[in-house]
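This document starts with two versions of one protein chain, written out as structure tokens and named structure 1 and structure 2.
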Structure 1
Amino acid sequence: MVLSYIVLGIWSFVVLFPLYWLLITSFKLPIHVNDGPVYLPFIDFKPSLHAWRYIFVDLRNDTLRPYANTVIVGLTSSVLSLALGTAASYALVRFEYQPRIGTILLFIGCMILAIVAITLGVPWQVAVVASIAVFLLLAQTIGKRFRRHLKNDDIAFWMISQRILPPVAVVIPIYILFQRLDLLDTRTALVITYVATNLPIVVWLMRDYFQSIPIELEECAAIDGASPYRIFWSIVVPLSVPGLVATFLFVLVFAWNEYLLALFLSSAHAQTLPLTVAAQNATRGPQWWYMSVLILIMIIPVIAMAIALERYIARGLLVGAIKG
């Protein structure tokens, strides 16, 4: 028992010391930071509020706007990712899909033709509508001749593999896409991008969670006359609350801390807080005291949310949301 407390105490010190370092650095003057490591307020150094005044008074608009962007983009993209990913993962677990490979290739071919048409000067709205019309026509005429098809596991693997692709590999096409749509430096562009990047994570985590729910419960409800939508909202969703909460926090943290895509897709109006933190490393060198203030106000909401939802997260971790 004593050894357990010693190990837990050491581990708690390792985990909490970076937060303590951030806190005391935010109250240090530059001379105290540059003079070397000092850790005890009122003993090693005299605390000062100069960094907090600079961030919240002198840079008020340059701090509050990125903060609002981070909150709006993070929450919106996480809610949308959770809604779309939950529906997709439930469908992959409970329903059997057999999309024909030939039809998929037809769709890809039509999209390539649309891109070529846009490159040649055709308005993108006309190119997209025409390519979709051509695809529907081909799918209805020759689509039935294709025999080979995919299974649910193939679809799930394809969705999960999209998250393996590093964002830097696709950031330039995404930049050009939003530039053509006149959506650069907008929250809409960031929300769409974060939903696309976090959707595979939601599918991956919630798919394992839904597989842990006994199908007999849903079969009994179906025998009593409940529709599939009623079964989903009245039985599956209430049983999945721990998994939904754990998954929501995961994707929220990813969206909250995302840097690379925000760097390319935003500048002045849609800039998020990670970019503001990075901007403190300017020509004068890293301004650790300003960075500490920004990082503290950035992580406090997520930590508070994790503490408030701790019991749901623990159940989600144990039941299966993160076992995958």
Structure 2
Amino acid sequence: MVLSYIVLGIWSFVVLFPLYWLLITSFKLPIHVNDGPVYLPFIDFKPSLHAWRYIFVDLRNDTLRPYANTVIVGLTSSVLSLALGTAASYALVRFEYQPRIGTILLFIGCMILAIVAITLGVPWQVAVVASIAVFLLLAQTIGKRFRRHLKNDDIAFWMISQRILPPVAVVIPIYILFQRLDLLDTRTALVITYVATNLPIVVWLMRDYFQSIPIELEECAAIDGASPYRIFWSIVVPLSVPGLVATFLFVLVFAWNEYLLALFLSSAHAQTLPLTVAAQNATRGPQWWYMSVLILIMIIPVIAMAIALERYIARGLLVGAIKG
């Protein structure tokens, strides 16, 4: 018991001290930062609101617009990816899929043809429609000859593999893609990108939670005539709330903090807060005080969200009592 508190206390200090430093730095004048460390407000130094005033009054439009963008893009994309990903991971646990390897290779081949056609100057709508038509034709004739097919695990691995390539490498193609679709510098582009990049994480995390739900419950419901949608929505989802909440927090944070893709896909209109933070590293060196304010206002909503949702990552009170 005492040992628990010592460990918990030490780690709390490790976590909280940098945040405390951030907080007091946001109230410091540049002179208090540059002349060596001071620790306690009102005792070591006189707190000043100059940084907060600068961010919220002088830079009002440069702060509030990215703020709104971050909130909208973060929430929309994480709710969407949670919804899509949860359904997909449930399907991967309970249903069996057997896509044929031949069909998949054909599909990839047709897509490559479409890309080549687009780079050669064919309008993208025509190229996409044509390649899909070619694919459907071939799938009906050649595709059926292939016997080997993939399993659910392979689909899951394919999904997680989408996160492997570093964003630095894919950012130019994605830029070109959204340029062609006329979506550059819109929130839609960011939402689409974040949903696609966060889906695999949702799928992988939720798979394990679903696996731990006893199948008997679902079988009972199926015998009583419930549709798969009904089983999913009123049995499986309520039972996996802790996992859902943890996963939601994680994807939210991911979309909230994404930097590199936002840097490329947005300029003035859809800019998000991480770009604003990085922009404070001016030619005069990093402006610690402005940066602290920005980081603080950036983490406050997510922290509020975490506090609000934390209670759902717990089951009944009796459970812990027996374990302790």
Partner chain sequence: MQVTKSTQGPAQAEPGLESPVVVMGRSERMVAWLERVASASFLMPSVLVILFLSIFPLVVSLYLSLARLQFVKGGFKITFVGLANYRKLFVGSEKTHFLGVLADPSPLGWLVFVAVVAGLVLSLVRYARSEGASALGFFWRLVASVITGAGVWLLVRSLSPGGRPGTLVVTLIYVFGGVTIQYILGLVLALLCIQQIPGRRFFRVVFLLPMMITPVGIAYMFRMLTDFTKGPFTPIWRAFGLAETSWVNNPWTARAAVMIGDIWQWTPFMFIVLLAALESQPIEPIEAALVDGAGRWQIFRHITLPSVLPVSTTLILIRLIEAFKIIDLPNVLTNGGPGTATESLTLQAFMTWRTLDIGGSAAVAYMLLLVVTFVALVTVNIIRRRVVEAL
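Numbers follow structure 1, counted from its first residue as 1. Just so we're on the same page, rigid core means the largest C-alpha set that superposes within 1.5 Å between forms. Just so it is clear, the model here is predicted, and its values are computed rather than measured.
One of the two isolated chains is the form predicted in complex with its partner chain, namely structure 2. I300: CA moves less than 2 Å between structures 1 and 2 after rigid-core fitting. Once both forms are fitted on their rigid core, the CA atom of L16 lies less than 2 Å apart between structures 1 and 2. Taking the core as the fixed frame between structures 1 and 2, we note the C-alpha of I6 moving 3.5 angstrom.
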